[in-house]
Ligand SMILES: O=C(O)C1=C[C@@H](OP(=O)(O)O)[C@@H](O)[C@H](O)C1
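This document opens with one chain alone, in structure tokens, the form predicted alone.
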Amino acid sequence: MSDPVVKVGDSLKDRARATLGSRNLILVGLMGAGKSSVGRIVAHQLGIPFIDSDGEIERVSRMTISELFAAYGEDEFRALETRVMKRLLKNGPRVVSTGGGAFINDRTRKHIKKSGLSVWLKADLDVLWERVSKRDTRPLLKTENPRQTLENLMNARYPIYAEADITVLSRDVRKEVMADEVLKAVIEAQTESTLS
């Protein structure tokens, strides 16, 4: 693939769109990192479809994520998630928001790496807890000490999320600011890979 031609004065979204080409942009990270809300804005700015993988899993199974966990357990849920992700990533370009555990699964991670550019929205514990503690819909946090569970998930998953192509710090700023930072990171990643 040849490098995109970027003219001086091209807008951020035009440059990011040219850089992405036909690849998917896949957002990974823990629950509460902003994958869905930021992903929708990024997709809109790029003029490509947005897909929330958890929403797609719920659509095809006709069950909520919580119901799937309760009925089948995490292992069966992850197998379904892998099948859905493989199907979603066959066509591009699109922005895909993944569930927090998707990138942790080896098979799902291979599909992601093969079919697009992965962006880890990395957030610290306080930011994540502020966001996820407002709703009681997270099956993995239905524990005696959900904040400690969230911290344990961070400790276990962050080294794997670090394998993503790009890392963008998710913090307490407007979603539009985060979306612009994702677009800038996409352009910078392409520039760095061209130089190396």
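All residue numbers are counted from 1 along the displayed sequence. For clarity, every value in this text was computed on a predicted model and none was experimentally measured.
The discussion below concerns the form predicted in complex with the ligand, not included here.
Site annotation in the predicted bound form: the residue of Met63, Leu140, Ile166, Ile48 reaching within 4.5 Å of the ligand with a heavy atom is Leu140. By the criterion of a heavy atom within 4.5 Å, Met31 is counted among the residues contacting the ligand in the predicted bound form. Under a 4.5 angstroms non-hydrogen atom cutoff, the ligand in the predicted bound form has Phe69 among its neighbouring residues.
The ligand in the predicted bound form comes within 4.5 Å of a heavy atom belonging to Ser36.
Contact check for Gly99: a heavy atom falls within 4.5 Å of the ligand in the predicted bound form.
Annotation for 142-166: the only interface residue with the ligand in the predicted bound form is Arg157 [heavy atom within 4.5 Å].
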